[in-house]
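In structure tokens, the next block holds one chain alone, the form predicted on its own.
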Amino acid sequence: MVYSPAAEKYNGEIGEVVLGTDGVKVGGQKVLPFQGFEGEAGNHPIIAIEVLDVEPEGWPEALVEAIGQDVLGDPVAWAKKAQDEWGADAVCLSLVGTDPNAADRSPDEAAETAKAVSDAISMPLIVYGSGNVEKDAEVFQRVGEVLQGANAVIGPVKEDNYKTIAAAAMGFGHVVAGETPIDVNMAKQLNILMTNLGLPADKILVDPSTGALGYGLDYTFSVMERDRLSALLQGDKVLQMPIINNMAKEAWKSKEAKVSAEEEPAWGDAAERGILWEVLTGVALLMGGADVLIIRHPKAADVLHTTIGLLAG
């Protein structure tokens, strides 16, 4: 006897958002993640590889070796490698160097880096700030301006700086990633604020804040699940935006991804362990409804691409 599951009836759909200038689309689902037997499964999730504007500090040796010391500290070369060698679908430039508590790079320096990376690649560009609400607001006014025409994703946009960054996105034609702290109602509120400001719904990605495997992933997953159930089953239009998960930092700062085999012999090879931690975090997020995953390791990108292909059929 062949099991044939009953198709769920959905009252809503996830809107499509176009990234970049070559027609890359995310969203468009009319069913829960990878449930294509029930209806239209929409566009496949995409993998963005993270590139830093400054040389990273404290990264596991195995991750540094996989990326290559030759490109660390050179975001343009790093981005080109992600595109040309690692099969990324997009590049995420993280402007961690703009953090006032770190290098405190200026908005002009950030804009120069973002423009150089954008000009060097042909795929969609995502630009994330340091997370400092005041500095990010300053940075994205300049970054948005120099990237005009690139249809980039800029963020994280938060309730404390959405007016400035969303206005820059509208003025220069970009998509925003609206970040809230793992809470469905707060995500709805931010989306309402941005659309009331005039930002179209098809220019918004939802960043629910992301915890890694063993470090809050269950909270992230449950919020994503509630988000998708509300959007698809209840037809809540305020939540019908694709989801972006900025997971790279969280996965690779976990103890399990950083500790060497010498420190914890029973845990096995550190290089394989770090990749697995990132992959398993990513797979869980895909099942929760992720449309864009931001990751670091090239091998993790390979495995996640294969996983997406298998799940999507």
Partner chain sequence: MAKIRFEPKGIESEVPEGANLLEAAHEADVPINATCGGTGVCGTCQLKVLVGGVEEDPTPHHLRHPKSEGTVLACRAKVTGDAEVLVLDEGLQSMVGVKKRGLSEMLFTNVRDALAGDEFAPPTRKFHLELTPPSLDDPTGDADRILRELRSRHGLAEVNIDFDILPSLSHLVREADWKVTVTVLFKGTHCRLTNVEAGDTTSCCQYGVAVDVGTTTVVVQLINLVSGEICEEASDYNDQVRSGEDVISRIVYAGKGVGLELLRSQVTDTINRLVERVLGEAGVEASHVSAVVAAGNTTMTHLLLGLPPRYIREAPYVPTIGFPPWLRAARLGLTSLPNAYVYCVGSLASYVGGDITAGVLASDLPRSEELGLYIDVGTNGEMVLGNSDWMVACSCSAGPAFEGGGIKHGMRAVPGAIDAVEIDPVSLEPTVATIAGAVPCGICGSGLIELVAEMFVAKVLDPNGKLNRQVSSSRIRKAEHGYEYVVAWGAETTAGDDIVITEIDIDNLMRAKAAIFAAITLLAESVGVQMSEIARVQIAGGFGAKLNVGKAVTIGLLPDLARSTFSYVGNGSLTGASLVLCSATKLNASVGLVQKMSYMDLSSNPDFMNRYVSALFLPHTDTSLFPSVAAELADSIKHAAGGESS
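Positions refer to the first chain, counted from 1. The shown structure was predicted, so the numbers you read here are calculated from the model rather than taken from an experiment.
Omitted here: the form predicted in complex with its partner chain. The next part is about that form.
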Exercise for review: Note which of Glu145, Asp119, Glu112, Asp183 lies within 4.5 Å of its partner chain in the model of the complex, where distance is taken over heavy atoms; exactly one does.
Suggested key: Asp183
**Study point:** Of Glu159, Asp108, Asp202, Asp84, the one that lies within 4.5 Å of its partner chain in the model of the complex (heavy atoms)
**Key:** Glu159
Review point. Using 4.5 Å between non-hydrogen atoms, is Ile192 touching its partner chain in the model of the complex?
Key: yes
Review point. Taking the shortest heavy atom distance, is Ala77 within 4.5 Å of its partner chain in the model of the complex?
Key: no
Check your understanding: Hey, in the model of the complex, is Lys135 touching its partner chain, heavy atoms inside 4.5 Å?
Key -> no
Practice item. May I ask you to state whether Ala103 is within 4.5 Å of its partner chain in the model of the complex, using heavy atom distances? Key: no
Review point. Counting only heavy atoms and a 4.5 Å cut-off, does its partner chain in the model of the complex sit next to every one of Lys163, Arg226 and Val238?
Key: yes
Exercise for review: Tell me, please, which stretch of 149-157, 192-200, 84-92, 69-77 lies within 4.5 angstroms of its partner chain in the model of the complex when heavy atoms are compared?
Suggested key: 192-200
